[in-house]
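Below you will find one chain, with nothing else, as structure tokens; this is the form predicted on its own, and questions on how it binds or moves follow later.
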């Protein structure tokens, strides 16, 4: 059939259900189902067999399912990531964290990097792609999430090691040492924020979102546990909520890290907090011998 009548029908339907960016969503659906650009479809038409799948996708979107889950994939740092229910959707804000690490360690060799709460593996994979000599490990507790991470690792053929484990378990942290970089996009929404989530975000796993009463539980516990896994001058770099830069900076300082910085995202919001474990702090933790 002609593309424009169906396209207009689906856009109008989504707008009637108060779906933001309805035209963009319909474009993405049309292009994925047909494998052709919308501009091409407007000239050539949409195959009849694709009409019902598109209407079904639009219905799922109208009921609040995230577009990324409907498509089954999303782009992060120029890489296709498979996603679905049970895994956090990669977001552009998180690219700020990758940018920081690549900027600080461009040209470095044999880095040891751990990505805690790796989810889909998007951070770990982006770092591995652009730091090919690095040893990157992604750690994730959720079986659903790590299944997507494994699929993404296989899709991109990169040597990221995945470990299914609880990053808040002291035994997990004890299994790592001499890390150059520890990165994490942990759950950081407050209890109050969890009560007022948009419908689409409620579809994502609560365990990947909820950070406790003040949203800082994971920052406190990860920093206290994992600083001992860093080498002298090793770095911690966290994604944070836009109101959490000062609080996460304080947590790093209380744990002995220095050179603490808050990095803003493209929208000008606080997005990443990073700090260095100084060599003297590391040395002071070592047993004194005669």
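Positions refer to the first chain, counted from 1. All values derive from a computational prediction rather than experimental measurement.
Keep in mind the form predicted in complex with a small molecule is missing from the figure; the text below concerns it.
Colleague: Residue 208 near the small molecule in the predicted bound form, any heavy atom under 4.5 Å?
Modeller: Residue-level check for residue 208: yes, a contact with the small molecule.
Colleague: Taking the small molecule as it sits in the predicted bound form, is residue 148 near enough to touch it, meaning that at least one heavy atom pair lies within 4.5 angstroms?
Modeller: Outside the cut-off, so no.
Colleague: Might residue 86 be said to contact the small molecule in the predicted bound form, defining contact as any heavy atom within 4.5 Å?
Modeller: Because no heavy atom of residue 86 falls inside 4.5 Å of the small molecule in the predicted bound form, the answer is no.
Colleague: I'd like to know whether residue 201 contacts the small molecule in the predicted bound form, with contact meaning heavy atoms within 4.5 angstroms.
Modeller: Yes.
Colleague: Can you check 170 to 178, 73 to 81, 88 to 96, 133 to 141 and let me know which stretch has heavy atoms within 4.5 Å of the small molecule in the predicted bound form?
Modeller: Checking each option against the 4.5 Å cut-off leaves 88 to 96.
Colleague: Could you check which residue among 102, 189, 158, 111 gets a heavy atom within 4.5 Å of the small molecule in the predicted bound form?
Modeller: Looking at 102, 189, 158, 111 one by one, just 189 meets the 4.5 Å heavy-atom criterion.
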